[in-house]
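Given as structure tokens, the chain that follows is alone and in the form predicted alone.
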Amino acid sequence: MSLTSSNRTTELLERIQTRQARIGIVGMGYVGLPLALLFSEERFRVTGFDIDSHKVDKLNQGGSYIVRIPATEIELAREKGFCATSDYAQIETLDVVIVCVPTPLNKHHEPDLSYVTGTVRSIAPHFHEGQLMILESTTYPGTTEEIVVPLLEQGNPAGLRAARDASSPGFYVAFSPEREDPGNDTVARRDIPKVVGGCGPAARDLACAVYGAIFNHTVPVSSPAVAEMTKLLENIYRCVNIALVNELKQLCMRMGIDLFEVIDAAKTKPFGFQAFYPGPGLGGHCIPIDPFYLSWKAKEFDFHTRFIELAGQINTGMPYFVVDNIIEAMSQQGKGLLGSQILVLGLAYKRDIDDLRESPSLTIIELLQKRGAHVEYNDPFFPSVGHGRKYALNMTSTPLDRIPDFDCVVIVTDHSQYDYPAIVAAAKLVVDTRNATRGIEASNIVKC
């Protein structure tokens, strides 16, 4: 005899609390893999799903493809039952499925949910009553209830529906935004509070129980839309403030004022100020993308997010500002960009990580090449780089001992491994977009 819906809910909750629940995580990238390891540490049996066979094979061999995750952590997880697969049929064996797939923008800067919809369509035929799905991919408010739930219901051969309470038959759906910050070692991952919004109280409570097993604090909210908007607010807050200091940097350069000195002075105020820093443009999966997700959704309500869109325009324009300053700096030395030799230091979108997503370095290299420069790069985290969703470099990292060969060295990512005094001493011209050469007195340094 089949269990009642309330019994299924109670059974799943008990399985979560006793670490008997089987966890599946779709997307073994910068979000999904660390999450899988956290569950494994807490003695859950975890299955990782990815369409990239290279990642699946690497994980099943005990290897890692993310610099900050050592292979020893993968091997330890495998000893506790962790495995990876591309076979969605294994969804049937799981209790909880967490989706951590990309949500990029298309060429028109509109949301591209193809990874989410494709994943949900692959999962739906194998989803059964009593299972819980949680979406972690950053997206606009309404995605979980307007897109994910209908796709799960339409693709389910048993005709199951999303259960809104413990007494209703069906499966459970929730949203919990990822809060990864690659390279940040100041806060332990399990100390980052987990916001959770469910399609009904039962889904919310089950999702809170899942995350409560690996995080020290959960923050339940009233709906998936609230959780989705929370993630956007967090990143738009950063986007707007970074745009502000990027605009102030351009003004301060004209006025002959060191903005970094200004920021250092301002942050001595013990209230009402948080320091943000300018740079060559935004990178990573969230901050360059999230504002456009909300702006796109806002149009459905006949609302134009002018403030957010302006911040996006300023940040998107920073690589162009950098290239203009490179051209100006070289012209001061009697050189043009056409045919010049340029070395870009740093491909990653921020220091000391191996993440290329939306990196301003990629845009700067492309702009320099279009203007006729011969461009090479150096990055200790990327011995070589081929092609990806928004780039086709097919280049290898140039040794730093070749710095004297270049007309200009551009510091785009300020990795801590770089010896900046030595770089400045060897280079004909240094264009510093990160204030990495602060404190170094040399006539060949141009800040921008």
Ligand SMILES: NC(=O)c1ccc[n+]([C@@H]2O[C@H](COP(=O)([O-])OP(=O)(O)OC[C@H]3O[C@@H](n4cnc5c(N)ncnc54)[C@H](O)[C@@H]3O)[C@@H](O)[C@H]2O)c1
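From 1 onward, residues are counted along the sequence shown. Bear in mind the structure is a predicted one, so any value in this text is a computation, not a measurement.
A second form of this protein, the form predicted in complex with this ligand, is not displayed here; the remarks below concern that form.
Partner proximity in the model of the complex, defined as non-hydrogen atoms within 4.5 angstroms of this ligand, places exactly one of 337-345, 266-274, 132-140, 364-372 at the interface: 132-140.
Contact check for Val26: a heavy atom falls within 4.5 Å of this ligand in the model of the complex.
Among heavy atoms of Val101, some come within 4.5 Å of this ligand in the model of the complex. Though the partner is left out of this view, His415 does not reach within 4.5 Å of this ligand in the model of the complex, counting heavy atoms only. Though the partner is left out of this view, Thr119 does reach within 4.5 Å of this ligand in the model of the complex, counting heavy atoms only.
Taking the partner from elsewhere, every residue among Val31, Lys55 and Lys231 has a non-hydrogen atom within 4.5 angstroms of this ligand in the model of the complex.
When you look in the model of the complex, the only residue of Asp205, Glu73, Asp352, Glu180 with a non-hydrogen atom within 4.5 Å of this ligand is Glu180. Only one of the listed residues (Tyr115, Phe321, Phe260, Trp296) places a non-hydrogen atom within 4.5 angstroms of this ligand in the model of the complex, and that residue is Tyr115. Scanning 43-57 for heavy atoms within 4.5 Å of this ligand in the model of the complex gives Phe49, Asp50, Ile51, Asp52, Lys55 in sequence order.
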